[in-house]
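Just one chain is shown here, as structure tokens, and it is the form predicted on its own.
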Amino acid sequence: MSSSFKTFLKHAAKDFHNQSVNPPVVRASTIIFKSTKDIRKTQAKAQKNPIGGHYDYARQGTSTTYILQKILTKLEESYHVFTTPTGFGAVFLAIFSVTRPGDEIIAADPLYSPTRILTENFLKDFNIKTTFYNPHDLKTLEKNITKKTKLIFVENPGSNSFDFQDLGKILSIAKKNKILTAMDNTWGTPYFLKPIKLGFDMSIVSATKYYSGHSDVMGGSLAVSKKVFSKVKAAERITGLRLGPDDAYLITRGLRTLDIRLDRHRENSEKVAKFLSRFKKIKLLYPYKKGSYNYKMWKKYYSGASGLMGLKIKCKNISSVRKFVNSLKLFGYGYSWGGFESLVLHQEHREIGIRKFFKLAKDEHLVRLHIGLEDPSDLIADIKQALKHLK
């Protein structure tokens, strides 16, 4: 019987073998076989069906990790999903799988800082060159394409800048030039956007964020099309980038409430955004302003918006911005996001993830907010009292 996305999330992990609604956590390193014939039989099955479920050694996974992969594959509407120990592990696996020395990558700018360091600096040692394009001017993307270009890497929306891109046009350019595509979809998750269904070859999500939802686990997922499956499978095998069973269990548990939490994050964020839009010295980096390019691109591809947003604050005195951030009582100060709690981060280091196409003036400061699951009226009241420090 077919079911809706929301119903599927609630029933996807049922373990029908022991009548438990939660799958067992299978921890293992060694897998015991009855005979040499038995292990050969398992290995033959694995070769015939490389997607998973047949293991001769636990580095390949256990039933706990396999259940999570099956759930995510259906959520992403992809050929398969690989799981990694961190979200950045999924980024690394995606890029490492399809590039070799002498190849070139074109990536969106701005970009998540570790991804930027990997593409711009680390890969140079392997003779892999990366160029960056303006997400609002795709001519800068086309201009950088050469015969050596193997991958277009998209982060949507852009890290810190929250730029939304014309994803369909990017895919059209990639298809015309026979270039593979990858997208970091952590902000939207497949609940609001399915990159593989749209036409991307790879879709990355940091499972640390909304998948888990409880700020207690690290993990990543890499959904792939059939076209790149064998390349990613080979890279996964050689790198050993696989998620452990305990983390897989926690992420599977979090997925049960993904839709409920994201709907609440969206509702709360809309109310906070409406409040913040009243202040002239704050430019809200969030898809709320109808008619703007970012709003149009968000509306064109997404079914909803999550809880992460940016504030570009015009203020001559940086100490005032720090006082604003430090006086927030319901917003924890820290990295990451996607959990149940509200967070704030002052992006004082302007060079991190903010490059050529997104610049701040000397009197502009970037603050990132993650709107959690608290009562939105309480969050607004907290922001209101803290805004008094901005002079």
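Remember, predicted model here, so these are calculated numbers, not experimental data. In this text, residue numbers run from 1 along the sequence as written.
There is another form of the same protein, the form predicted in complex with a small molecule; it is not shown, and what comes next is about it.
With the partner omitted here, the residue from 188, 219, 135, 307 that has a non-hydrogen atom within 4.5 angstroms of the small molecule in the predicted complex is 219. 208 is the sole member of 161, 97, 130, 208 with a non-hydrogen atom within 4.5 Å of the small molecule in the predicted complex. Comparing 164-172, 253-261, 75-83, 178-186 against the small molecule in the predicted complex, the single stretch with non-hydrogen atoms within 4.5 angstroms of it is 178-186. At the 4.5 Å threshold, heavy atoms of residue 109 stay clear of the small molecule in the predicted complex, well away from it. Of the heavy atoms in residue 87, some are within 4.5 Å of the small molecule in the predicted complex. For residue 337, a non-hydrogen atom is located within 4.5 Å of the small molecule in the predicted complex, even though that partner is not displayed. In the predicted complex, none of the heavy atoms of residue 201 sits within 4.5 Å of a heavy atom of the small molecule.
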